[in-house]
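The structure tokens that follow cover one protein chain in two forms, given apart as structure 1 and structure 2.
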Structure 1
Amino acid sequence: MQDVVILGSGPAGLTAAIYTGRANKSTIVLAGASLGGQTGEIAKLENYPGWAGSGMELIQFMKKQAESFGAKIEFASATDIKFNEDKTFTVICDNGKTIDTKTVILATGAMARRLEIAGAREFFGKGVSYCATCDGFFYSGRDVLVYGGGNAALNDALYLADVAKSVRIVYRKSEFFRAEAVLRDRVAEKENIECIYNTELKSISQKPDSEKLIATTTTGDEIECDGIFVAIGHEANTDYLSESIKRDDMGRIIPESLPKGMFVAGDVHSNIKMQIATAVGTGCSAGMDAIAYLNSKD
């Protein structure tokens, strides 16, 4: 019987693990298929106080710190959580393992929202990507398109501008209302970034006798490119939870709906800003709440 099982290995989950580990609570972190969640994909992290490296470097530092206090990291994901009569939990993992635990911290974060237009699924992994830092390398010296207009889209465009020959951003509004001013200014300064406003993608197809893609817009334009990077928001990773756990319209967990002994942190938590700083803060709170709950049972 574990004291704490933490689902997710992003900043929220690893922060919670640091706190529960330091409190001498046996802690397992289910990291998923890869470490770090969205933070691990950030090439250059600028808005987390006190850190100037990449997102993965920060995650590796947090992981090492959590492990130094006894937390164990396992690369598996939860597929179900059972509520036991004795007020404990059983976490069922995708590797066939089950873990009995006194408390659970949900820190599974969010994933990129998929584009639902003709060709988006067909060409996923064949020119359509949801991770610029993962796949940008393959488009060195080539022409790419970024679809979206928030911070994520502009960050992707700036990263790709240093790799690709040209970057075109397609956005449905007349300007980047949702993005930070510093990112808007940097995009404007990049000579190889072109912004196409007031339109959306309608379909994706392949140019005949070529590996190039054709992105058709709602205004009827056809944009030829080598790759399309989609950044249109995120959806919470909560499919493994029962319907008794209430979510908001983004699928994020409403804490008040959780049973005693279960806590939530990070981007999967409703009503918080989806930032690393807030993920760390809620990870701290969830870890401390789990410790207090465990101590009350001793």
Structure 2
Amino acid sequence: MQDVVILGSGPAGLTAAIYTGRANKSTIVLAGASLGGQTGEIAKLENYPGWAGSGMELIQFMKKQAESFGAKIEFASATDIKFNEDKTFTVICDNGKTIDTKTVILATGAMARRLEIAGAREFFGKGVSYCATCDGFFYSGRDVLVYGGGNAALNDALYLADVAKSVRIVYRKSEFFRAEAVLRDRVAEKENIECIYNTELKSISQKPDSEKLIATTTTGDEIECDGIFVAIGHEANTDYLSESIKRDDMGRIIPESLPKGMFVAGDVHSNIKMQIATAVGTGCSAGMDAIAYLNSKD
């Protein structure tokens, strides 16, 4: 019987493992399909305090630190979690293994919903981004397009308006129905934001002999820009969870619905900003909560 099983090897899961391992609680981290999660994808990480390097380098340090305190990293994903009568859990893995544990920390992250149009994959990281706070800085004084019309898109547009020369929000509906009024008002007040409604993108290509991108709409109009920020929603990685655990409209876990002994951290936690700093903060909290829970049982 393990003390702690942590699902996810992003910054939230690895931080939790550093805390639980260091408190001498036997800890297994299920890494999932990718060690480091979304952070592992970041080529140049500039807004995590005290760090200058790639996301994967940071993850490798966190992994080593967690392992130095006895945490074991296993390369498997959870497919189910059983709630046992004695208030313990059994985690079922995709490699056929089952792990009995007294506590579980859910740190399986979330994925930005990907834009599935021609060119979107090709130009990902080369002009197409899913994170304005991460990549906006690279577009200082340039022209960018935000694709989407919810709170995330408007927040991205407002953030980018302070960095970029111009921001065009392209949205498929006639108004920002889904966004909060305060955001709509702020967008309307910004002189360098233009809203293009009733418009969908069909493809992304590069302007010949230039670094500029061309976003082509379904009606054939072409919008020239330096960067395209896609904000069409996030999907939390929670397929392995039962219906009894409540999720918000992004599929993120509402902590109040978790049974005793189960904790949540990082992007999969409802109501936190999706950043490495918050993943680390909530990973620390979840680790400490698991330790306190285990100590209360001893």
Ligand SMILES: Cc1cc2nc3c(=O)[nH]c(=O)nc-3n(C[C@H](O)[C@H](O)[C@H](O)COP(=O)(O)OP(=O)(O)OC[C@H]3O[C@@H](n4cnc5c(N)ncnc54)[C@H](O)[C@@H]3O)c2cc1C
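A quick note: this is a predicted structure, and the numbers were derived from the prediction, not measured. Rigid core (definition): largest C-alpha set, two forms, superposition within 1.5 Å. Reference numbering: structure 1, starting with residue 1.
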Same chain, two copies; the copy that is the form predicted together with this ligand is structure 2
Of Asp135, Thr79, Arg168, His234, which one sits right at the hinge of the rigid motion between structures 1 and 2?
-> His234
Looking at the two forms, how many whole degrees does the smaller rigid part turn against the larger between structures 1 and 2?
-> 55
Just grab the Cα shift of Val230 between structures 1 and 2 for me, core aligned, in angstrom.
-> 6.9
